[in-house]
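Form predicted on its own, single chain, as structure tokens, below.
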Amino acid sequence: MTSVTGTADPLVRAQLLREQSARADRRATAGRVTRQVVVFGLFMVAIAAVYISYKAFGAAFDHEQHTWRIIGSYLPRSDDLNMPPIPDIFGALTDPLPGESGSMAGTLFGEALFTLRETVAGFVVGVVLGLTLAIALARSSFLERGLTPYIVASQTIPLIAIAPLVVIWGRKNIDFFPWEWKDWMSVSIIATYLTFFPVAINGLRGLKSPRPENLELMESYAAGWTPTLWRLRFPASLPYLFAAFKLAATASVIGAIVGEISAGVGGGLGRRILSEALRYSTGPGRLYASVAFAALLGIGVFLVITAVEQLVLRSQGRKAIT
């Protein structure tokens, strides 16, 4: 390896320093990812250990679960119907669903892709809407004072109550597009409802984050509000926006699944969870497997946004806001 201190040429020395810094960044990133994977694995093992331990504890009082006031009253019963063994949950993934061919894992994968389509559509529309609101509020203090309370209040409406209304309204009233309106598009609107809020609030905070001296410098260059937005405010808001994107992505998954359940839209994980809940007594492991797939979908979209965040912010030499 060439020594930096033994190099006389300043350009070569600077290049070597950049290469060493890049290698150090890659090692730090690899170490951080490894630690996160190990911690996540240990967390899953801990959850499994608690699950198994609770079942064993409940089995010791199995003959008294109907009369004992703790298990079965204040705490859930630990029999195989209420808490199926972990091998049964994994086994359900390899078994075919009633009336269907192929394994449950393959069916859940296809349904996860269906829900992912709703999630991505809701996320994209929510990000556009949230950023538009954030820019408008940052541009006008009058709009900020007038609209921010209503943006916050919009999140107090129960999602499960408005989801059927959105789907029915879409079926009856949205016929002015050149394409046929589908129920999954209405579910994407429900996902948008949960997505735009963190983007709007965090985006507003990020757009107002530049230091006063930086804003004064832009003013000294006679830069208008639009050049200042794109050259200063928007780059400064990226850490805040990516923090919002991670919240919005997971919220979009929740909105899509809840929308499918409450509005009865088939084809996705929400409908699968509802179907398995209705026939829970014949196969409790299938419901647990469906919920696990929904959790994995949420984790997956979160990891994708996190990876994009690392790439973008690392290229600017900045750190993420956690």
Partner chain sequence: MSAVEIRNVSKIFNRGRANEVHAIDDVDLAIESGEFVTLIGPSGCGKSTLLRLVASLLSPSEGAITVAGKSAEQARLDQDYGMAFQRAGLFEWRTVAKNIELPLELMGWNRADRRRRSAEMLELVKLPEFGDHHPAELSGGMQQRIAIARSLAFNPSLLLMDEPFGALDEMTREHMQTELLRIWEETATTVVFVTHSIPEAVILSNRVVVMSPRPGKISEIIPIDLGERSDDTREDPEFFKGVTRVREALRAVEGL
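These figures come from a predicted structure and were not determined experimentally. Residue numbers count along the first chain shown, from 1.
The next section is about a form of this same protein that is not shown, the form predicted in complex with the partner chain.
Shown alone here, A153 lies farther than 4.5 Å from the partner chain in the model of the complex, counting heavy atoms only. Interface residue remark: R145 is not counted as part of the site for the partner chain in the model of the complex, having no heavy atom within 4.5 Å. Although the partner is absent here, A222 is a contact residue: one of its heavy atoms lies within 4.5 angstroms of the partner chain in the model of the complex.
P85 falls outside the set of residues with a heavy atom inside 4.5 Å of the partner chain in the model of the complex. Partner contact region in the model of the complex: 224-232, out of 162-170, 86-94, 224-232, 120-128, criterion any non-hydrogen atom within 4.5 Å of the partner chain.
Contact check at 4.5 Å (heavy atoms) against the partner chain in the model of the complex: all three of R211, L217 and S315 pass. Checked against the partner chain in the model of the complex, the residues L247, I135, L116, A236 give one hit for a heavy atom within 4.5 Å, which is A236.
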